Each structure stands twice: as structure tokens, then as C-alpha cells.
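Coming up is one lone chain in C-alpha cells, specifically the form predicted alone.
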């Protein structure tokens, strides 16, 4: 069997990450619009900029994180590499190169989806229309996922697609939880109030986890329960643990099936992630520092991506981040 070229493997990996990023961003914008009509509304829109570590780039072009500015920046602005329009552009460019390897249905749908977003005008993304637009974008991403599931040939490319998708999903979950947890952590007097409950609803809905959470916690809602669910629950496919374990499984299966020598260091990093997830409870994490724990996990994902690039994509080894002595001592930001 012909081996997958390194550049094709990398393009498949990033195609998956871009499409996962588009859906995640559409979810966040949609939910943020719904839950931004309160006393913290302006801060809620700023949190999207903070979520993507875009403060410097955003404020070079905008004076304030107004709803209109943030929506335009993350939907239509192709100069913003984390926007929906830019991510779809990159995904389409990768898919065009991958035409010999992906199905006709994958290419056709992605090409149409890209064209629909490219045709949007500023008048199409007003706040009154945002929820409808985000719903269409999410549905298109889910259609793409279904087409991939039903038509993508199960070879090494399939494995790289799944690894990329799950790494991106895990990364996005840590970002969402890190920013939203500290932004929304209420004063003691607000715990359990309607505002408190509605804001934690927003966090869960941003991760498409509200109904799944309610199956586990049918009564009550508090920050610790939400954080624990999004971090540790293996039965929820968008949890950090569920995503990281799925990425590790795909890498393990690929190495075994194709007798690949690379990827051992990436698997060691995944093993460290599983060890930390198995060692700490959410109470331990909140007591020692949620941000530090999430930062450690983000650093691990950076290093996993670096190892995959070196072993499979033909990259030189990137400058390594200084490893923290233990969970909770790192302070590095994941790049978009």
C-alpha cells in the first residue's frame, strides 16, 4: 500500500482542525449573543477575544470589543486567522490539494460552504441575524462531519483527520473553560441566583453539553460541577478527557496498523495527560488552581502537535516549552 505523503498528512490534520474550529466558534458566538443581554454584556463580548488570545491583534484594529466589532472580526474578517471566514478559506485550500484523497462529496460540500460564507455581507451578520447564521454554520459543519464519516477512506489519512479534530476539540474546551470560569465565577451572594444559573447554562451550551450535563446532574448547577463535567467526563464527546483519549486512541491504532515508528513521544505526552486526569479530582484542581491545570494541558497539546509535526509532517523540532515541574506551574498561552 502506498504511504501517505507527509504534506498530505499535515493538510488532512489541519483540515480537521479548521473545521472543528469553525463549528466551535459558531457555537460560542451564538450562545454569547443569547446570554449577553445582562449587566456583564460588554465583558461577555470581550471574553471571546480573550478566549482566542487575540487582544493585541484585535485592539490594533478596533477601539473597543463592541458586539458589532467582535462579530465582524470572528465571522467575516479574513485578516483574522481565527475567524470563521479565514478558517474555511484555509480548510478549502487544504481540501483542494487533497482532491485525490478525499471524496467528491467532501470537496463539493466544503466548496459550497466556503462560497456561502465568502458571499456574506456586513448586513448579514447583525445581532438580529446572528443566531440564524450560526445555526446554518453549525449545520454545515455537522453535514461535513457526516460526509467525512460516511465517505472518507479508512487509511492513515482518516487517522490523521481524527487526531487533528480531537486535539482541536480538546484545546477549545480548555480555552472555553479557562476564560468563562474566571469571568463568570460569581460573588458568594450570587451563587445559585438566576443570573448565575443562566451564565453556567451558557458555558455548557457553548460546548453543546447542556442536555448531557443534565443527564448526569438533573438537579442544581454550580461552577465545580460544570468544570468537572467538561474536563473529566469520558462519556461526553466534547469533554477534554473524551477528546484527548480519542486522539490518543487514533494515534495508537494508526501506529499499530501501519507499523509506524514515529509518534512514540506524542503517546508519552498523551499518557501524561491521562495520568493527570486520573490523579486529580475537580476538587483538587479547583483548590490548586484551575487556570494552572488547564494551562498545563494546553502545553501538553502544543507539544503533542510539535511531536506529530516532527515525526510525520517533516518538521524540524520546534523550540520546546520549558516543562513545568508539576501541574499548576506553567504560564504559557496556546497559540491560535
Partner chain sequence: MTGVLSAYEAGAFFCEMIGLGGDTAEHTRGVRERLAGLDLAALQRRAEDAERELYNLGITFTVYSEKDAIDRILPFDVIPRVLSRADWAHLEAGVIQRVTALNLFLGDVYGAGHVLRDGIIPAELVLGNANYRPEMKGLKIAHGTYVSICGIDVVRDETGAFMVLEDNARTPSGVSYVIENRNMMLRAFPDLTSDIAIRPVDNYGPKLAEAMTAIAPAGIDDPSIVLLSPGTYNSAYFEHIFLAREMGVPLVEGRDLVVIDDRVWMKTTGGLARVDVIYRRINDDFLDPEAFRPDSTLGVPGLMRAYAKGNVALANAVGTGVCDDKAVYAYMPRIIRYYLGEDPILPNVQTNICREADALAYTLDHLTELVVKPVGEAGGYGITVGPKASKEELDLCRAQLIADPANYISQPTIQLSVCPTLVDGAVEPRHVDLRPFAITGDKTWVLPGGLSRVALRRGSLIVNSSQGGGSKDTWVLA
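Positions refer to the first chain, counted from 1. Since we're looking at a predicted model, the values are computed, not measured.
There is another form of the same protein, the form predicted in complex with the partner chain; it is not shown, and what comes next is about it.
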Contact segment among 173 to 181, 203 to 211, 110 to 118, 141 to 149, judged by heavy atoms lying within 4.5 Å of the partner chain in the predicted complex:
110 to 118
With the partner left out of view, is residue 85 within 4.5 angstroms of the partner chain in the predicted complex by any non-hydrogen atom?
no
So, residue 312 and the partner chain: in the predicted complex, are they within 4.5 Å at any heavy atom pair?
yes
Taking 4.5 angstroms as the cut-off for heavy atoms, does residue 260 touch the partner chain in the predicted complex?
yes
Indicate whether residue 104 is a 4.5 Å heavy atom neighbour of the partner chain in the predicted complex.
yes
Within 4.5 Å of the partner chain in the predicted complex, heavy atoms considered, which of 252, 198, 97, 131?
97
Check each residue of 68 to 89 against the partner chain in the predicted complex and list those with a heavy atom within 4.5 Å, in sequence order.
79
